[in-house]
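Below sits a lone chain in structure tokens, taken as the form predicted alone.
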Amino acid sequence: MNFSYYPGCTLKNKAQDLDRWARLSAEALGIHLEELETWQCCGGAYSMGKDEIASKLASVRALQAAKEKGQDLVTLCSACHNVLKQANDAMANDPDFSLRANNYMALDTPYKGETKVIHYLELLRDVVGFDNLKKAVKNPLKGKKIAAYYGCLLLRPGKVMQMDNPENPRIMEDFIRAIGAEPVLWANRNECCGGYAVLEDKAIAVKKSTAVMDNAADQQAEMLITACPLCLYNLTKNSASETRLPVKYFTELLAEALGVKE
């Protein structure tokens, strides 16, 4: 099975592990991720200004490229996924935005949100299937108590992202079960880590990421997993928690469970 793939800037730099293990694991599962040839930065955050077009055009170009290939578009970074999904929704459901974006891009055929954008976790759940993933596991992570950390961007806004229940998600917990480990249920799994606030007020990121880390530790988690490079950064660099739980990308554990090696 072939899918278009949008890696995003961070996965080419600071989050190479997130990207590398995702690609190798996908191949092991019979899925080929075809990186878009001319993708550009998504902008990192989706502007809520209705009249802001320029910062969203890179996402529209990526969506159009996947459409031309006739493929669904797979994303991995939580921020990239959020931006692409919201831009796609605007192209499909906001006539004014769609008209102006298409006029600017001057496409032969206007883009109207036809591409289906799916996160890698949805690929595992809806295409591979967690039952089939479980069968493919060679090294089940038995005995590991893992806390799934969703953060803000993977689930919200719920009506647009449509990945899972934004208040009580289960996709990452089901993933953890599929690779043989035990998911930890905890209150702060979809709370903010401090996000981009770290750029202006580091104290906010310290407060938020410490609360996340402390809560996971209180529930006897041995590690946290995430799909967000910024979340991993805040939790590892800015948490003031006395308990320094390891934080890993979920793709690293996926590769370990599948027995994938470089």
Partner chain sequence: MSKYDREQILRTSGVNVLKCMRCGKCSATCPSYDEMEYHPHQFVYMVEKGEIEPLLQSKSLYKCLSCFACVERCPRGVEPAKLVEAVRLQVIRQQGMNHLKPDDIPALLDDDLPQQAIVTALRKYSK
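Every value quoted in this text rests on a predicted model; they were computed, and no experiment measured them. Positions refer to the first chain, counted from 1.
From this point on, the text means the form predicted together with the partner chain, which you will not see here.
By the criterion of a heavy atom within 4.5 Å, residue 82 is counted among the residues contacting the partner chain in the predicted complex. The partner chain is not drawn, but in the predicted complex it has a heavy atom within 4.5 Å of residue 192.
Taking non-hydrogen atoms only, residue 30 never approaches the partner chain to within 4.5 angstroms in the predicted complex. Shown alone here, residue 140 lies farther than 4.5 Å from the partner chain in the predicted complex, counting heavy atoms only.
Only one listed stretch (30-38, 211-219, 62-70, 230-238) carries heavy atoms within 4.5 Å of the partner chain in the predicted complex, and that stretch is 230-238. The candidate spot formed by 133, 169 and 258 lies out of contact with the partner chain in the predicted complex, as no residue has a heavy atom within 4.5 Å of it. Contacts with the partner chain in the predicted complex, taken as any heavy atom within 4.5 Å, map within 35-70 to 41, 42, 43, 44, 45, 46, 47, 48, 49, 50, 51, 52, 55.
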